[in-house]
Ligand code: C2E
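Here you get one chain, nothing else, as structure tokens; it is the form predicted alone.
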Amino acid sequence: MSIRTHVLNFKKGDKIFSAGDSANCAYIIEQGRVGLYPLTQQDEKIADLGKGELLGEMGIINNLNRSVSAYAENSVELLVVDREQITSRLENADPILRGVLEVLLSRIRKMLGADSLANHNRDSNNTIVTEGMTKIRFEHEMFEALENDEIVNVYQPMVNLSDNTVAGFEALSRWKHPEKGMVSPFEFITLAEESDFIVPMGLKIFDSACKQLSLFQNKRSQVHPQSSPLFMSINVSPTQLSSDGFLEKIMAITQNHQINPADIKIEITESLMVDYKQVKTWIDECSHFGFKLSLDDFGTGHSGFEHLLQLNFDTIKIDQIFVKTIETNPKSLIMLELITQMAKRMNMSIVAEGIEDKKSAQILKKMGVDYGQGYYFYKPMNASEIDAII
């Protein structure tokens, strides 16, 4: 997805677009006022739009040319909203809602007069539209942050429980917003998935993680030449996996950084698996390229054991909800023992996340869990901190 994130400026009297033009984008008015006219400024003004309002969205929604002409009433600054930022959401909306929207837009175009558009203008200030404008601005900021390398990876080590050595890492993305501070990964990654921006963002995250793994590997081989290769776990969403050429692109990234695909664990969250046929295709393709597959958050979904029955994972990652109660809830201990025994018999390695104390680590080690991840061992760290522990 290619998102236009530039800002356009117009002087008083400048034409922004004309009736009949192709509707290739919409705009959010950041500063100034925009007048809407049937054809030219010599015609009677239909509506007057100001800061925070959406302009030019109708043609995008129903794929028609502009219905009116827009002129700058004074100095105007517009934030460009790419067509796909709107259409990708409409494609995923309920067909009934899309149908109702088409009917409403058709009526607005037929009634195109001062009263109808003035009412439409007032309605655009409601809470729903305001929230939508906020999300679009946030997407703009997110794109700029990625371009400026403000969205970065940190790495949380995974420890081999048999000897407490670092075996690999999980790449975790962080965004320090200049005004909002640290933005929750859930917040910005969820938004990226909504707009398909997760695809270019995911590739950049993947590239950064592979580059860093190569550096970690080189340093590790200098210090401990006989040690096993380190691995990197990277979270990947269904949107990424279903994107055309995604696996070829990440394969090229591993080759560029001289990384063995077998040292990359692609993590798929259990709760996101809804279509076994599709997920099986993804897994088979990943295996064909040599990547390892990890089932993340195991135990939190409604059909976790069915996932293992239907699909071939190399690793399961036990959700921290079981690990955190291992010392207080006997049921957690029993379930962990059963999961571990089952995974061993299915030739899968096991990662337990959320380990926060020595006793839990010892219990899991005795149980036969392969790897541990959590603040008892290491917090997520930047590359220089990882270098220090290597």
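Computed from a prediction, not measured in an experiment: that's the story for all the values here. Heads up: residue numbers just count along the shown sequence, starting at 1. Each form is matched to the other, and the largest set of C-alpha atoms that superpose within 1.5 Å is called the rigid core.
The discussion below concerns the form predicted in complex with the named molecule, not included here.
The partner is absent here, but in the predicted bound form a heavy atom of Ser237, alone among Gln212, Asn160, Ser243, Ser237, sits within 4.5 Å of the named molecule.
Think of it this way: in the predicted bound form, the named molecule has a heavy atom of just one of Lys324, Arg66, Lys365, Arg33 within 4.5 Å, and the residue is Lys324. Only one of 213 to 221, 75 to 83, 191 to 199, 253 to 261 lies within 4.5 Å of the named molecule in the predicted bound form by heavy atoms, and it is 191 to 199. Interface residue remark: Glu150 is not counted as part of the site for the named molecule in the predicted bound form, having no heavy atom within 4.5 Å. Under a 4.5 angstroms non-hydrogen atom cutoff, the named molecule in the predicted bound form lacks Asp207 among its neighbouring residues. Of the heavy atoms in Ile355, some are within 4.5 Å of the named molecule in the predicted bound form.
In the predicted bound form, no heavy atom of Val279 sits within 4.5 Å of the named molecule. Residues of 358 to 390 lying near the named molecule in the predicted bound form, listed in sequence order, are Gly374, Tyr375, Pro380, the criterion being any heavy atom within 4.5 Å. Comparing the forms between this form and the one not shown on their rigid core, the Cα displacement of Met182 reaches 2 Å or more.
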